[in-house]
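First, one chain by itself: the form predicted alone, in structure tokens.
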């Protein structure tokens, strides 16, 4: 149990089990790549296909990935997923504006993850999940900018990181309350 927050993540059900969502008395916590400062996935990749960019985004070069899944087994957040299928994007839905480390189609046999929509943030936009969140509960910003919204949240809201005891030092924060 997370003693600081009164939440028992160790016994949480990661699956919906076909239940109606939302269900009274339950809460739902999205878990994506935590973009750790001390990322176990980076350390475990035998080919160097995963690394941390200077701005903190943990990326994957899908041409270097051999699909060994070492990064999956080392990620304590379950944020990596093996791609079992060939890409099947209809021609009319294919976005020709792709980024090598971001939104390009990934082939079968590689491990993929959230990239904080690197193709968007490098152009001054928010990740898609932040932009489309209907209630504005997802935030993204420059942690080094003392005037940024994300810094305000970190300094004035109740904030926690998942599995802080593992010392991976995530750059993904959860905040709640007023």
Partner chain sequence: MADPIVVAAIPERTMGAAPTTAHPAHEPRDDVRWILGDKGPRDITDDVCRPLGRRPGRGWWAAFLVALAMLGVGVASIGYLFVTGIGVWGLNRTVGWAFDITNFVFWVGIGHAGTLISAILLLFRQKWRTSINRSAEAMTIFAVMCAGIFPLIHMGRPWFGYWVFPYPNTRGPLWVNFRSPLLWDVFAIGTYFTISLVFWFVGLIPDLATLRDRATGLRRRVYAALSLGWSGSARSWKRHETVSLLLAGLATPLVVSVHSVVSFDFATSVLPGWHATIFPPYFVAGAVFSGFGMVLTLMLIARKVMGLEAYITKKHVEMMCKVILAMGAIVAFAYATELFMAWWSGNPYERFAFLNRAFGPTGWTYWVMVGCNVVIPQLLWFRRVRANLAVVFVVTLVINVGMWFERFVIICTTLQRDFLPSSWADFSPTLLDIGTFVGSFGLFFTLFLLFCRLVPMIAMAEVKAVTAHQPKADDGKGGAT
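Positions refer to the first chain, counted from 1. Keep in mind the model is a prediction, meaning the values are calculated, not measured.
The same protein has a further form, the form predicted together with its partner chain, not shown here; the description that follows concerns it.
Decide whether residue 76 counts as a contact residue for its partner chain in the predicted complex under a heavy atom distance cut-off of 4.5 Å. Judged by the heavy-atom cut-off of 4.5 Å, residue 76 is in contact with its partner chain in the predicted complex.
Counting only non-hydrogen atoms and a 4.5 angstroms cut-off, does residue 48 reach its partner chain in the predicted complex? Looking in the predicted complex, residue contacts with its partner chain include residue 48, since a heavy atom lies within 4.5 Å.
Find out whether any non-hydrogen atom of residue 94 is located within 4.5 angstroms of its partner chain in the predicted complex, and reply yes or no. Taking the distances in the predicted complex, the answer for residue 94 is no, it never comes within 4.5 Å of its partner chain.
Its partner chain contact in the predicted complex: residue 139, any heavy atom under 4.5 Å: Residue-level check for residue 139: no, no contact with its partner chain.
Its partner chain is absent from this chain, but in the predicted complex, do 66, 69 and 82 each have a non-hydrogen atom within 4.5 Å of it? Yes, the whole trio is in contact, each within 4.5 Å by some heavy atom.
Quick check on this chain: which one of 130, 118, 114, 110 has a heavy atom within 4.5 Å of its partner chain in the predicted complex? Selected residue: 110.
Relative to its partner chain in the predicted complex, which residues of 27-62 have a heavy atom no more than 4.5 Å away? Heavy-atom contacts within 4.5 Å come from 31, 42, 43, 44, 45, 46, 47, 48, 62.
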